[in-house]
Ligand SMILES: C[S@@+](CC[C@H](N)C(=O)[O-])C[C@H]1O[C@@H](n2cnc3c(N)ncnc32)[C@H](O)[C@@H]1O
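Encoded as structure tokens, the following chain is the form predicted alone, with no partner shown.
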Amino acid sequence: MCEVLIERLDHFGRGIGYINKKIVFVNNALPNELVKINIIAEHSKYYVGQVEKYLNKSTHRLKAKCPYYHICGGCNLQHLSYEDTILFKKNKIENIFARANLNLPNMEIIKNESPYFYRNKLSVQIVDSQVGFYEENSHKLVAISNCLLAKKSIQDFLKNVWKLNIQNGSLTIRSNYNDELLIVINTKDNVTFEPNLFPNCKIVGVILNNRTIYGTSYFYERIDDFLFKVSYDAFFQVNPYVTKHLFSLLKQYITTTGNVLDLYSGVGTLGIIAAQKAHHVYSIEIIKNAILDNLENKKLNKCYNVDAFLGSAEKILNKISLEFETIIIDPPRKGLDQQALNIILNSQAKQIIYISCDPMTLVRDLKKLTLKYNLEKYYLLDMFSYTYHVESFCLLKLK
């Protein structure tokens, strides 16, 4: 064991210190804390340490509410107050933009009105009949009976997962505005689902190895006055509280009546919001179930000025050959693919709305986009409270 003074936090919420001028990353350690650690991994340029004892604790340290916090790895910041987690994320974004030599407009922060019990989707592992999460960077299971970030309807089901008699596999629980549940199971075990085993849970569908064995393979989610069909394998934002604010921003910045291109459109949520003001919205997505949901969602919300297309953006845009005033992009964590980047840079769209869940790939893409566009607005949305993850909303205008 050795003593280390923690100097600052990295982008993952880990404490950073030095041992003989070599950097060491330490989970659950805060700036100005003196900690006694064990080295659990050694690499050529850095160590990874684990706290064995706090010799001097930070005045910002709080006791985490979650009993699994110190071993689970699902959250990273529960030892801080909510306000301190926001400050951490603000500093993180400022640092990432500065390192990329990108100008960051005045940052506006949208907080989560429910920092606990907000997640509408939770995925767990089942190993030897125990339910839990894998410990960070390992396949060692941390058995749990609840998760304080998940909606209470998800927690109620989680406590009774054992009734499914699954020995080994994985499970995803999705919950909507009405606390209805979709249960997605992947296992080689024989599973027979009986709804009467879960009398206090409103289960609308159970999908076993991509086959529906009970109810439906989808449910409906409501955000404000909008209703969306969401299939079990389709993307939908995990935080309905912050998603409302995301929709409000979108409505605020779709101010013209021109055409809108919605790339990575998923089930069509952003395109449907944009359609309230746009002349016409063209949504493009490569996942079939998401497009089928999109087609139903535009009917549910009476958005007859939305067209949804299945396939690659390049092929579809070659066929429709239109000019777009606004392009909306909400890519996966890996950011924009080269095809999407080329489409945007070759367009004459007056504005780009870029929504991102990974600031590192965001700034990588912005460095290319800002050759042609000015970054005028930046919003930090706390979509993933008590984790190091950040949701960004960027508005870019054609130079």
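Because the structure is a prediction, the values reported are computed rather than measured. Numbering starts at 1 and follows the sequence shown.
Note that the form predicted in complex with this ligand isn't included here; everything after this is about it.
Three-residue site L158, P195 and P199 fully in contact with this ligand in the model of the complex at 4.5 Å by heavy atom: Checking in the model of the complex: none of L158, P195 and P199 is within 4.5 Å of this ligand.
Any non-hydrogen atom of S312 within 4.5 angstroms of this ligand in the model of the complex: Taking the distances in the model of the complex, the answer for S312 is yes, it comes within 4.5 Å of this ligand.
4.5 Å heavy atom contact, Y264 to this ligand in the model of the complex: Yes - in the model of the complex, heavy atoms of Y264 and this ligand come within 4.5 Å of each other.
P332: touches this ligand in the model of the complex, heavy atom cutoff 4.5 angstroms: Output for P332 is yes: heavy atoms within 4.5 Å of this ligand.
Partner proximity in the model of the complex: Q78 to this ligand, non-hydrogen atom cutoff 4.5 Å: Because no heavy atom of Q78 falls inside 4.5 Å of this ligand in the model of the complex, the answer is no.
Residue stretch of 284-292, 130-138, 217-225, 199-207 approaching this ligand in the model of the complex, non-hydrogen atom distance within 4.5 Å: The contacting stretch is 284-292.
In the model of the complex, the residue from Q237, T85, S231, T326 that sits within 4.5 Å of this ligand by heavy atoms: Residue within 4.5 Å of the partner: Q237.
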